[in-house]
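Just the one chain here, the form predicted on its own, laid out as structure tokens.
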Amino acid sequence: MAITDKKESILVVDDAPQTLEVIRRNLTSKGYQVFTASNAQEAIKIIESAPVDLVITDLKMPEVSGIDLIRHIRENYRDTEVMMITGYPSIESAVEAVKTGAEEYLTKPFTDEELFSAVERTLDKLHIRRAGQARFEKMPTASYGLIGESEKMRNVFSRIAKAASTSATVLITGESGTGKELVARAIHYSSSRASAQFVPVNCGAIPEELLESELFGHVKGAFTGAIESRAGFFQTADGGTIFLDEISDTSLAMQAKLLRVLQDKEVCMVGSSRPRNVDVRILASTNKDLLGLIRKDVFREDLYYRLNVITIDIPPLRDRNDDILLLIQYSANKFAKDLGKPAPKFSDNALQVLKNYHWPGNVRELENVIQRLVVMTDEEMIEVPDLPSLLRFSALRKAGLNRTLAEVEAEYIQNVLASVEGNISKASEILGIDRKTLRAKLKKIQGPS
């Protein structure tokens, strides 16, 4: 047994010495810590004396079978995953193995790649469950109103702190829903301007013909309907911070006026020829590629360099996968508290689907999903069927992207059979094929006995 830097320890149980040695050698080469046992009794002694992350057990062994070993592990060691391997495949044994608690079922002979893939999938489920248990035991804290412990988010927090210590203009980039306004607020409320106004402006939500008046104000009579003088957002933010959200949506004419504010620290109200000094820190954000817009002549290059003194790029949620469980917990607790009900728990499979989803809407989408689940689910445990169909179907698509059509079909058939406890007639009905066709497919899947 080789001790490596990798945390995962695997126990391989098989009464065939040659099989034990081959699997041990292959897994050790991948950096796993590997124990071996030739029977179930020996395996139980190892599990009792050393932490084991995964047990890979043969089905047919003398005295105590692999099924009995799986059952013992499931009843006594929740923090250990199990895989079944067998040289005597049958639908009945596959169904029993899955029902008893095996995460994977491999038929001998299997390739090294099939073994490695099955081990990685099984351990990934274990990691998700452990992370969920650890994080759900302690309420995550929100740094600057942002949730995250990943390295990418720690880098964001570091840049926020540095930006807050200066008065430089900051450009915040990131996809929609990543939390650009939260970052802007964090910079403001951590800076020396924290006691003054923070004024957010969604540039894309204000019609172009009104944006200048909204930003800079107007004097009485400047245009039809201007019955009195009114200060703009820049005057309101005097002494504090203005946040120009989605600045890429402004016209070239407006960009020129914003450039003048950045250069001269002055604004000119609509209808007035006299500029007014303002002491405003400018933070801007965009979900677009500004350099690409510059090349298309729809964004001013000089404004870009004025804005881009400090850049904070917020990673999309799919690139900080480890933060998803934290965000699920935080959101579930927050929305449950608002409703005056206990926060629900999430099953291992539900957490895996949520973690593997690509989240195109980022944190905003995740919060919406969790809020819907908290509101609509009355059960204590949220399972995969409770999740929105888009997430479930996305998980199915992702699971099949790196596999052949035959592999996907074989897994689906086995899952359907397991769901109906091996009933061929019911499985045929669900699959939309006759019993003869199903039996032929099963014979092909199982190979020669």
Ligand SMILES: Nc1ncnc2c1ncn2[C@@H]1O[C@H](COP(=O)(O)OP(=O)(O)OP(=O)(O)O)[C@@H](O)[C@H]1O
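On a predicted model such as this, the values are computed, not experimentally measured, just so you know. Note that residue numbering follows the sequence shown and begins at 1.
Beyond the structure shown, there is the form predicted together with the named molecule, which is absent from this document and is the topic of what follows.
- Contact with the named molecule in the predicted bound form, defined as any heavy atom within 4.5 Å, is confined among 254 to 262, 358 to 366, 234 to 242, 79 to 87 to 358 to 366.
- This chain is displayed alone, yet in the predicted bound form one of Ile147, Val119, Val353, Met269 has a heavy atom within 4.5 Å of the named molecule; that residue is Ile147.
- With the partner omitted here, the residue from Ile324, Met153, Ala332, Cys203 that has a non-hydrogen atom within 4.5 angstroms of the named molecule in the predicted bound form is Met153.
- Contact annotation for Gly179: at least one heavy atom lies within 4.5 Å of the named molecule in the predicted bound form.
- Taking non-hydrogen atoms only, Glu175 approaches the named molecule to within 4.5 angstroms in the predicted bound form.
- Interface membership of Asn287, defined by any non-hydrogen atom within 4.5 Å of the named molecule in the predicted bound form, is confirmed.
- In the predicted bound form, at least one heavy atom of Glu246 sits within 4.5 Å of the named molecule.
- Within 4.5 angstroms of the named molecule in the predicted bound form, the stretch 56 to 74 places no non-hydrogen atom at all.
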